[in-house]
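Presented as structure tokens, the chain that follows is alone, the form predicted on its own.
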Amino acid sequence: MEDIKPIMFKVTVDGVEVEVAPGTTIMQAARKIGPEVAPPAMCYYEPLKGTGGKCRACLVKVAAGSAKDPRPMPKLVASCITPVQDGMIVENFTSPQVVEARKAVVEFLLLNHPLDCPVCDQAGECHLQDFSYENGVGTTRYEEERRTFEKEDIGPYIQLHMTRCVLCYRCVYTADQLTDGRVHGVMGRGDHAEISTYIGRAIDNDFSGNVIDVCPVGALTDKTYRFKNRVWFSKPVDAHCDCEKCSGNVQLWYRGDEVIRVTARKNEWGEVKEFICNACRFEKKKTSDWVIEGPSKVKRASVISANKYAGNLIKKPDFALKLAESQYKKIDDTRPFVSEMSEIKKSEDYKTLMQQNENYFKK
């Protein structure tokens, strides 16, 4: 019997070709290539069904619709909900139109978002920080007053800062798909839209804490962790335990010997791999409750990696090493350490430095 090969579509994203199955979205195809061509995402969350198409952060230009119909699409499209076609050519970072559109999206998201990163628990692992730094501009044209809301406790473990919310709907989909009875959602329309609970009901179920992990900003925060530590002063390690409700695979965040926070593990796109229960997240804050697997893998660009990990865990970029080797003088560590100023002044290096300074100021 002959093997029937599955039909595959060839898609080109920023000049890189990849083969994907029919039904794959542009976002998924780009992620298959890698982060160098993958569009950013604020509302799309692959583990949750139905997400995407709300924030417009992932807009791309389709320069050719397909091999059969190579005409370009007239407008930018949301890559997270647009399926690919065979022979499609997509421009992401290579399109000036897309770059300008992203700047506008960042500016729109920051219209009402407060600039309180120094006091926000999400600082250092905030998707909006990354998105605005990589795709935004340093100015704003907005002159009106920002809309503000009072902080609200929407459960025993969760506090809502609606002022920071970007209405990505991730928490709504999480509650809808992980629990039997969702009690919160988006109320109102337009500039009056907000995340809230029905008739003041509190979010209280075994998996409610996952809305904290999926939130891309600091709108939903862990009340047991609030203001305890900055993320770059803590060290994440992978751990697991035997749990009847969930997989028990988590990240423990240490400050010294103390477990200050427990979160679900995330993939390279910042999306939760396996959702965890509230017992693992909020009640097991001792090392003895867990089996430690080792340090978590952290991107070198992240502030979390600062001064914590060995070189074999966080690889330095080859370009930076080659640049440093070609432009900077190697240090001779065999030289004796001298701390006396009288001895330092006798050295040839000190005399050369003083002469260079003197020549510089003469100019």
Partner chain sequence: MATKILTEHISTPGIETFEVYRKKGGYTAVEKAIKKMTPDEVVEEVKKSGVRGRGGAGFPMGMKWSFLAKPEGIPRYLVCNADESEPGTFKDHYLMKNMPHLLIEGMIISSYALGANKSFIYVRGELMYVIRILEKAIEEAKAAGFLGKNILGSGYDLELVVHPGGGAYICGEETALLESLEGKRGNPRNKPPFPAVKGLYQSPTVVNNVESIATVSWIINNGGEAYAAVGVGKSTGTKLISASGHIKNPGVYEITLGLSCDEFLNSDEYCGGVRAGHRLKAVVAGGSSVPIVPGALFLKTANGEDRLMSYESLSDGGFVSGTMLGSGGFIAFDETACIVRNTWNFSRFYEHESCGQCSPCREGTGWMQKVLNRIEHGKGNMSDIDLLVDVSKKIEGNTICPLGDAAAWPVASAIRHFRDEFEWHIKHPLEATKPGAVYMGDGVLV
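Numbering follows the first chain given and starts at 1. What you are looking at is a predicted structure, and each value in this text was computed from that prediction instead of being measured.
Unshown form predicted in complex with its partner chain; subsequent notes refer to it.
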If you check in the predicted complex, do Ala64, Asp69 and Asn92 all have a non-hydrogen atom within 4.5 Å of its partner chain?
-> no
In the predicted complex, the residue from Ala279, Ile81, Val272, Cys120 with a non-hydrogen atom within 4.5 Å of its partner chain is Ile81
Option touching its partner chain, based on a heavy atom within 4.5 Å in the predicted complex, out of Asp289, Glu134, Glu258, Asp191 = Asp191
With the partner left out of view, is Phe108 within 4.5 angstroms of its partner chain in the predicted complex by any non-hydrogen atom?
-> yes
Answer with yes or no whether Gly52 is in contact with its partner chain in the predicted complex, where contact means some heavy atom within 4.5 Å.
-> yes
Non-hydrogen atom contact Leu167 with its partner chain in the predicted complex at 4.5 angstroms | yes
Report yes if any heavy atom of Glu143 sits within 4.5 Å of a heavy atom of its partner chain in the predicted complex; otherwise report no.
-> yes
Choose one stretch from 250-258, 209-217, 235-243, 111-119: the one whose residues place a heavy atom within 4.5 angstroms of its partner chain in the predicted complex.
-> 111-119
